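This document starts with one chain, in the form predicted alone, laid out as structure tokens.
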């Protein structure tokens, strides 16, 4: 068992929130066409409020802290927040578009001992990347920042969300990552907006093109093993948890709202009104999430993919039930193996089979190659 697996199991046994994703702001200097956030400021937590939350997270046993947005550097107190987090000995990961990072900022991130910087790059071609971000010159600024960060010895990864506008450029981004000497991760899907608006799903790539992604050796490694038919689920699988969300990890918004995950919009409390540990231990919503085992899943518990699917309970929740299937993940399992999921068979029998929403849950612990998921130690 790896050290991370041991830490996750220990946290699960003790009921400890090992990792927290904290969005500092939803404001952003880019307007990415696929973004799921509302970029207006509706009353972000103050510096002191965030310091207080960080103190509570440390007391609760949180170790991995992911700071994200929006664009985190739009907060003038960003480095004060990182400094406070590091004093509390959090392992800090920062997600940014890096357009506001120059040599001074890169040097400060190194001095503070940030573990990793994850940066979004959508194409190796400026005209494509900048069209997605709607910020002219953004690719050039982002690449310069990556080089600054690398020169400071920081660990950097490139994250690429695949959509209709950049599908043809995926190999170019892989080659760019190699040239820069950074890790590369790919999310081959588009997620709905946090308010449930699905209009941006028109940007999703065609389901038939998923097969091309899952047959790329640079992304999945041993295709014979990865794309093999799923084995029959054992008792351990059926008694297992569908996801780490709410078990060893959770999400906190810039307004203090607590959710099981950034893609699981089930309001579970607010740290402006309650102590974090009170929410973590006693929220009825989190207790419900924790009560669910694979055997309790409607439809999915009868599916041959139940032990290998990347099913996201948050996306299932957005489709109507946290115990139901996520049709996006059904589609991915089918394109991976050629075997229809129980949900797809049910829809076919009902005569309602059609285009399936293609979205991915980041906190799901089911096995999927590292290059096809967020390279995130927060996932159990």
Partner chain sequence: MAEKYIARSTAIAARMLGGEMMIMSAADSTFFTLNEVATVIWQAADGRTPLSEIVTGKVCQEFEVEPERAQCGTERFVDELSQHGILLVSDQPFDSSPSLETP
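Numbering follows the first chain given and starts at 1. For clarity, every value in this text was computed on a predicted model and none was experimentally measured.
Heads up, the form predicted in complex with the partner chain isn't pictured, but that's what we're talking about next.
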### Task
Look at the stretches 79-87, 175-183, 234-242, 257-265 and give the one with heavy atoms within 4.5 Å of the partner chain in the predicted bound form.
79-87
### Summary
Heavy atom within 4.5 Å of the partner chain in the predicted bound form, from candidates 277, 112, 206, 168, belongs to 112
### Task
Have a look at 281, 293, 155, 134 for me and say which one sits with a heavy atom within 4.5 Å of the partner chain in the predicted bound form.
155
### Query
residue 338 near the partner chain in the predicted bound form, any heavy atom under 4.5 Å?
no
### Message
Whether residue 285 contacts the partner chain in the predicted bound form should be assessed with a 4.5 Å heavy atom distance threshold; does it?
### Response
no
### Query
How about residue 18: is it within 4.5 Å of the partner chain in the predicted bound form, going by heavy atoms?
yes
### Task
Would you please decide whether residue 334 lies within 4.5 angstroms of the partner chain in the predicted bound form, comparing each non-hydrogen atom pair?
no
### Task
Kindly confirm or deny that 3, 62 and 91 each have some heavy atom within 4.5 angstroms of the partner chain in the predicted bound form.
yes
